[in-house]
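The chain below stands alone, shown as structure tokens; this is the form predicted alone.
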Amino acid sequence: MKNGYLPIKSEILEIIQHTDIEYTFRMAYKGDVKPGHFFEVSIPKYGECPISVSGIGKDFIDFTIRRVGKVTNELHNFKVGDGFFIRGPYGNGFDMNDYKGKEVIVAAGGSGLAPVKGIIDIINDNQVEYKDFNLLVGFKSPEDILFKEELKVWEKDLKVILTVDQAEGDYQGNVGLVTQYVEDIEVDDKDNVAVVIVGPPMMMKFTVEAFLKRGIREENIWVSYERKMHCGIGKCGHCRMDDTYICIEGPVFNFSKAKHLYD
């Protein structure tokens, strides 16, 4: 019987710095992974924490990690060639079959761009399989923008609205909350739209409301509830909302189900 708690040690292949506190660690890994999956990342003596996959390659996966605690603070001291322990993938992830042939909209806030980056990469590489694609992404400030190089690539062929909550000086981009730009997204057929929303809880709440006001049906909206996923296999109960284990049935939910989940 496979022991789901046993981690494997993975080597750091590359480290990409986005901001002072957010780095992407490219890790050696072979196996089936979907956007939206997460792994439990651990360092002996420091602990373990859940991290979503932000990139998927033939022999690697990416974790985009913010320094916010004991484990992640220590991770940021690691260098290429070092390794740490991972176990997973866990969760349901995003099923791209739900989005093929549709007008796909991804709305992300801050580090919420990381778990949906895999969706954007797949659509960018297979554009003929999707009717249309829009990315709406917001950050607190220009200094907080993640994946700047990837955004330049996506902007060449995809429709991208990038905004920041506030900016100083001569910043030339959009300023305002993500919700302010929902109306700017062109939708040809509201019955053939798939909207994916990931970000801080309040951003998700009001962005969902904004799309519902535009006439997008609940069953055409997906969200990801990444929260308190300690064991990853439905044993500890820390992530449970009502009788739903987020680490097993989620973290990706159709909004028609997600709207019924409460702590």
Partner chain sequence: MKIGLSRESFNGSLKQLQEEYRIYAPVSMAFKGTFSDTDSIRYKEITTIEEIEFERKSHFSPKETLLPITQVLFYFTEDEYKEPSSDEKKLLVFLRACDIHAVKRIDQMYLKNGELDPYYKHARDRVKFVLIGCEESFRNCFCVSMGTNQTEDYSIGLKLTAEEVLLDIKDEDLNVYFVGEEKEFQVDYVTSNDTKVTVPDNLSGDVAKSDMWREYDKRCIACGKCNFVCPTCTCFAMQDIFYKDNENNGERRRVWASCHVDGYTDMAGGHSFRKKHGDRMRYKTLHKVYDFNKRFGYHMCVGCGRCDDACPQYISFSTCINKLNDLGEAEK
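Positions refer to the first chain, counted from 1. As the structure is a prediction and not an experimental result, all values here were calculated from the model.
The next section is about a form of this same protein that is not shown, the form predicted in complex with the partner chain.
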Partner-contacting position among V33, A210, I43, I216 - heavy atom within 4.5 Å of the partner chain in the predicted complex: I43
Candidate stretches 54-62, 25-33, 190-198, 220-228 - the one whose heavy atoms come within 4.5 Å of the partner chain in the predicted complex: 220-228
Contact flag, K235 vs the partner chain in the predicted complex, heavy atom cut 4.5 Å: yes
Contact flag, F255 vs the partner chain in the predicted complex, heavy atom cut 4.5 Å: no
Y171, heavy atom within 4.5 angstroms of the partner chain in the predicted complex: no
Partner proximity in the predicted complex: D20 to the partner chain, non-hydrogen atom cutoff 4.5 Å: no
Neighbours of the partner chain in the predicted complex among 237-258 [non-hydrogen atom within 4.5 angstroms]: G237, H238, R240, D242, D243, T244, Y245, I248, E249
